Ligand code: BGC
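Okay, here we've got a single chain as structure tokens, the form predicted alone, with questions on binding and movement later.
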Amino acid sequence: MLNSVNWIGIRFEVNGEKIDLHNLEVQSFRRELNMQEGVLYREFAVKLSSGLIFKAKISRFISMLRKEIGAINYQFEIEGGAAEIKISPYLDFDVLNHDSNYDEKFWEGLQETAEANGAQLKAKTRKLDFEVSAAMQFELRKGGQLIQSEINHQKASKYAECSLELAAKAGETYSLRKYAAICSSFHSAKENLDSEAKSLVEKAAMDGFELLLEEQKNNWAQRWEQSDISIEGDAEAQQGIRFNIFHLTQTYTGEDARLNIGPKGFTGEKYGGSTYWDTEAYCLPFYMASAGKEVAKNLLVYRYKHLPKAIENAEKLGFTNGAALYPMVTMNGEECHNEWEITFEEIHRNGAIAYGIFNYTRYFGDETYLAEYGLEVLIGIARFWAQRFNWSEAKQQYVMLGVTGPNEYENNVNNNWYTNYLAKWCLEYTSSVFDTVGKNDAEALKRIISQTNFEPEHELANWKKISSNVYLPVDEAKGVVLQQEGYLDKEQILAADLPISERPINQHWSWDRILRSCFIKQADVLQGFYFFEDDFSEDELRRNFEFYEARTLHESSLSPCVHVVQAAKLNMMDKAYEMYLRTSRLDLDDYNHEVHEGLHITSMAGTWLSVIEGFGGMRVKNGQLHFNPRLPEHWHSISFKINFRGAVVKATLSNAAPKLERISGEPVELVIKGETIAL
């Protein structure tokens, strides 16, 4: 994902001296993210070499309602005397990506214009001719009055600015308002980009900053009305969950099935903006419950549209007959990762795609999706698993060799329990979906069979033969499943015995040492127990949780949330709370010392799971919402809304007296602590 035009630039010079906080004496500084209203505030005061004080208060936002529009209100004043101030708002397309090779640049300038109180740039990407047009307008005000001033213009390759000069009086407050519109050929015809950007920015400037800000506040209020989680009794935990919901909401709005969610969202360049299995495994539940059916459906349609590429990816590895391997990392369906142990071996991501279809259908009861899109995807995935297993004469069972599970501190292992269990489930689930689609829409089933060249008798029988005899490693003596064959051959050191000075181990140990250790980067076996909770008894969960939690370092952002849900179910509330703070405040407190790379957007969805499924105990069973709350002792209550099958339900849960109410929509039956309630 390429960095786009820098639209926020404004330069100030006071009596010829640049306002640069790096070089001037900073007397005060404050930056505030208003998550409730979606506005970034910044204010500072700096002392210049002349002794004058320059003070500024800046408000900035990108509109959630007008997708192409950004706006800045830059208020400033001078203390200590009058001054000549030069103000230069600009647009700059000469931008870099930090991880580019040899400082390569990706944009080619097409056009630069600057006139009156505005400027416009147009550029295209060098490889794919993707075009973007950016337009800006600005105005200078004192109080409510516009200040007219002569404007000078400057242009260069991929750059345009306007500048004006102001004779500023001491103690007077001035305001520069800058508006920008950015339009791309992703959404509009290339020949219309310039006119669209110009008309949109003109409309924004005409409507004014106050109206745009009011729209922003109202739009965010509507979003918070559905998605907010209130935690009574713990300000630290409250701030953490709202920070995460804010970023999830502004990262993905779900209106375009061509788009998905990158692990860093738009907050940093690491992972290149690509999509991972995180979407289906962690993000989908948040969008189902807070944004609703159509938004969640678009996440699944995204994968359906990439099915031909997934089949192509599998063909490159030697798979045949329409087998599909979804990429570990992608923008457009092609594999974008470059490490063999990830692209060839971390194939559990295929199962997460299938699980997302199951989870969506279970949640909304939308079986029409299976006939429209879902079954075709499932067939491709099931065909892959059927070919990826092989028969072991020694074990007299089907095995899966040379894989990497979610725990990336292991690779090229045999019979990773999670991958084997997930693949076995995929074969069984896809077979059951055949029956579902056949009952609901026989014509659709005929169409799918024809399109996929499916041979029901042969393929279904083969899937049943494999799934009924998959090797799943276990240790009978310890009563736990084995992360993979040979796991207990490793020296069994516990995470608690590892010096803190050696963590994270990927920054202190060689990979040879890491791969030979028993340490687990993130939930692996426990990821399977999370997905397939109903397949196991509470005793089985407890034994496996206690065994694997003790060996897990949680050096992946995706790990703690799974442990929260399971610890809460097991009533291990101290552990659940410890893991909750780790996931919810991961970025706010910079646990892993890597916030400079961007925020962990997809694990933020895991934080939502921690509260709703962990402490709220929410599950979907037999088409009903179930709640079994278990809150940390010092929490008074949690309150949230769930969009479920045409109803919006508000739950206010405590350890003492839970309360459920239907806010809108259809009547619904819920189960709270085993008791069925009709709302």
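When you see a residue number, it is the position in the sequence shown, counting from 1. In this text the structure is predicted, and so the values were computed from the model without any measurement.
The discussion below concerns the form predicted in complex with beta-D-glucopyranose, not included here.
Engineer: Among Thr552, Gln566, Ser584, Thr602, which has any heavy atom within 4.5 Å of beta-D-glucopyranose in the predicted complex?
Structural biologist: After the contact test, the surviving option is Thr602.
Engineer: Which residue, Met328, Val480, Cys426, Ile245, has a heavy atom that falls within 4.5 Å of beta-D-glucopyranose in the predicted complex?
Structural biologist: Contact residue from the list: Met328.
Engineer: Thinking of beta-D-glucopyranose in the predicted complex, which stretch from 72 to 80, 268 to 276, 386 to 394, 246 to 254 has heavy atoms inside 4.5 Å of it?
Structural biologist: In the other structure, the partner sits against 268 to 276.
Engineer: Look up in the predicted complex whether Glu112 has a non-hydrogen atom within 4.5 angstroms of beta-D-glucopyranose, and give yes or no.
Structural biologist: Heavy-atom contact with beta-D-glucopyranose at 4.5 Å: absent for Glu112.
Engineer: Could you tell me if Gln522 has a non-hydrogen atom within 4.5 Å of beta-D-glucopyranose in the predicted complex?
Structural biologist: Flag for Gln522 set to yes.
Engineer: Flag Pro263 as yes or no: does it have a non-hydrogen atom within 4.5 angstroms of any non-hydrogen atom of beta-D-glucopyranose in the predicted complex?
Structural biologist: The answer is yes: Pro263 has a heavy atom within 4.5 Å of beta-D-glucopyranose.
Engineer: Could you confirm whether Leu558 comes within 4.5 Å of beta-D-glucopyranose in the predicted complex, counting heavy atoms only?
Structural biologist: Close contact exists here: in the predicted complex, Leu558 approaches beta-D-glucopyranose to within 4.5 Å, heavy atoms only.
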